[in-house]
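This document starts with one chain, in the form predicted on its own, laid out as structure tokens.
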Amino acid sequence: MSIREFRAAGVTLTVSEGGVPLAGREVTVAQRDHAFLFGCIGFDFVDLANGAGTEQDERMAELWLGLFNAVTLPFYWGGFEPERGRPDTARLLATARWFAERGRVVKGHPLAWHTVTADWLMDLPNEEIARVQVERIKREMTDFAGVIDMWDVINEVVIMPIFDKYDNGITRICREMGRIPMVRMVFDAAREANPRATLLLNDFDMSAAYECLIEGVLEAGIKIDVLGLQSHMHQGYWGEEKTLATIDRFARYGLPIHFTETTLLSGHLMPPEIVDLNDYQIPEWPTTPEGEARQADEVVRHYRTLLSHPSVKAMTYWGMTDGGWLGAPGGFVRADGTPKPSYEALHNLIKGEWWLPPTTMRTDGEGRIRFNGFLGAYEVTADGATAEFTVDAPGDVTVEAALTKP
């Protein structure tokens, strides 16, 4: 199917000033943002947002802001509150505001997860662990409300009660209470704390086990806003057929889909016999010219595939630079700070093929112009007067914009 069928509109824009249609005048229309969330993690910019960034951080931020309109920030309990009662709220709130002030949609990840969780939970009985987990969710949802209104509420529930790499408090309570009661507990807490928030169920397990979990959760009456699908492709690109088949399987629940964690490599691929990606630890994992060409091609194919399916509303890439998660060469930028071909290729899509640059047109006798543009935010200007408008539905749409002078 055509990407523009779901992502763009034929717009008839009526421009007025002082209540009178602006007839026979030159106006300039420019896109300002996408409705689709093109995201990336912002873990590397906490220092910069708190006034302690380096020149390299500033250069990376410029590249980051040149591509993405959504960010995921880290709320892993073990890092956020390593000592009970001393959460890292101030630094993360400053970081969230830094991105929000630059017009980015901010998401927190995650509120409940059995990995990188707080070690001090192990000293508590299960009933107490459950209570402080709920309190933790309500605290973060409240403290960050209005700045972060989108959350991965719970992460990787499919494996949570059977996780056996090491003992931890969250697996303990999930094993005792079961997956669906666990999901209910954390979603109820999140919904109560911030009823306006968008709440995600997120998982890496794309097997039928995740479908069974979703069905059980929905049958239990638990309201999920978005389904999160992870796609770390360290063992090779899924390809269009597998990607679309996966989306179709999860789209049948009628919920928006976010691809929450994606990586595509520009170095050698992880051996296929590795079951848990975390088990592949090597001293060096370099990017290569051949790998960079492959990555650029696969990035374009993957983004085109996601935008071709109407159920997908967001895509978050898991790392701007190489050497991040698992030391893999999965970034759009090399370790030395130079952009790879994949950065340019994605930029050519998001700010090129799928973007309306400043375009001058002349209105007709009734103050109208017509153009085709991707869904999102726009601005129209004429002789120093401006108006903002949004295009939020595909097909043929009519929009009005009343110009005002600053």
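Just so it is clear, the structure is predicted and the values come from calculations on it, not from any experiment. The numbering used is simple: start at 1 and walk along the sequence shown.
One more form of this protein, predicted in complex with a further copy of the same chain, exists but is not displayed; see below.
Student: Just to confirm, with a 4.5 Å cut-off on non-hydrogen atoms, which of 167, 279, 219, 123 contacts a further copy of the same chain in the predicted bound form?
Tutor: Result of the distance check: 219.
Student: Though a further copy of the same chain is not shown, can you say which of 301, 138, 131, 249 has a heavy atom within 4.5 Å of it in the predicted bound form?
Tutor: Selected option: 249.
Student: Exactly one stretch in 267-275, 287-295, 330-338, 156-164 has heavy atoms within 4.5 Å of a further copy of the same chain in the predicted bound form; which is it?
Tutor: Correct option: 156-164.
Student: Are all three residues 355, 370 and 396 in contact with a further copy of the same chain in the predicted bound form, where contact means a non-hydrogen atom within 4.5 Å?
Tutor: Answer is no for this spot.
Student: I'd like to know whether residue 179 contacts a further copy of the same chain in the predicted bound form, with contact meaning heavy atoms within 4.5 angstroms.
Tutor: Heavy-atom contact with a further copy of the same chain at 4.5 Å: present for residue 179.
Student: Report whether the minimum heavy atom distance between residue 188 and a further copy of the same chain in the predicted bound form is within 4.5 Å.
Tutor: Answer no; every heavy atom of residue 188 is more than 4.5 Å from a further copy of the same chain in the predicted bound form.
Student: Given that a further copy of the same chain is not shown alongside this chain, does residue 90 nevertheless sit within 4.5 Å of it in the predicted bound form, heavy atom to heavy atom?
Tutor: It does not: once a further copy of the same chain is placed as it appears in the predicted bound form, residue 90 has no heavy atom within 4.5 Å of it.
Student: Decide whether residue 94 counts as a contact residue for a further copy of the same chain in the predicted bound form under a heavy atom distance cut-off of 4.5 Å.
Tutor: Flag for residue 94 set to no.
Student: Taking a further copy of the same chain in the predicted bound form, which residues of 184-218 have any heavy atom within 4.5 Å of it?
Tutor: Read in sequence order, the residues that approach a further copy of the same chain (within 4.5 Å, in the predicted bound form) are 184, 208, 209, 211, 212, 213, 215, 216.
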